[in-house]
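The chain below stands alone and is given as structure tokens, in the form predicted alone.
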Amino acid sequence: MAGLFIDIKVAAEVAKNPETARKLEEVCPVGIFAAREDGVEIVDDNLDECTLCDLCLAAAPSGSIEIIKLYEA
């Protein structure tokens, strides 16, 4: 499920990595990522809180996270 303004796609190999999940949970200032034993969960209720800070992009392997703007700027 996507937010009204933002959607986030995480590559399967990263989504299943508990260590990366912990990093994503730690760096996201608005709680979009939740670390689970089996990897990362996207907290749908928080998607539209995304500030486009790109901290998640820096914390994950290059190209493994895509932030999709669902609006025209």
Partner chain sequence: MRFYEYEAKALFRKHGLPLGAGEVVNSAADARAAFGRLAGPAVLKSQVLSGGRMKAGAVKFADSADEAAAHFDAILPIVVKGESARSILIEEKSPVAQEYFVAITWDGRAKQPVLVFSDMGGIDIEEVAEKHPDHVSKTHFSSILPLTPRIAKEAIGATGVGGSALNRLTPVVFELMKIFLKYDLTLAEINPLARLENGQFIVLDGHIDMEAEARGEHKALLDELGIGDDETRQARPPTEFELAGARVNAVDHRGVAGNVVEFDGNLGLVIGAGGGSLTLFDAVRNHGGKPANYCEIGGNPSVGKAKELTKLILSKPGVEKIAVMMNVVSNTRVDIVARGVVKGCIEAGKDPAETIAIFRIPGAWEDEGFKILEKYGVEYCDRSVSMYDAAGRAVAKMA
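Residue numbers count along the first chain shown, from 1. What you see is a predicted model; the values in this text were computed from it and never measured.
There is also a form predicted together with its partner chain; it is not shown, and the following applies to it.
If the criterion is a non-hydrogen atom within 4.5 angstroms, does every one of A11, V27 and C56 touch its partner chain in the predicted bound form?
No, because A11, V27 and C56 lack any heavy atom that approaches its partner chain to within 4.5 Å in the predicted bound form.
With heavy atoms only and a cut-off of 4.5 Å, decide whether D48 touches its partner chain in the predicted bound form.
Yes, D48 sits close enough to its partner chain in the predicted bound form that at least one of its heavy atoms falls within 4.5 Å.
Of 2-23, which residues get within 4.5 Å of its partner chain in the predicted bound form if you count heavy atoms?
Those in contact are L4, F5, I6.
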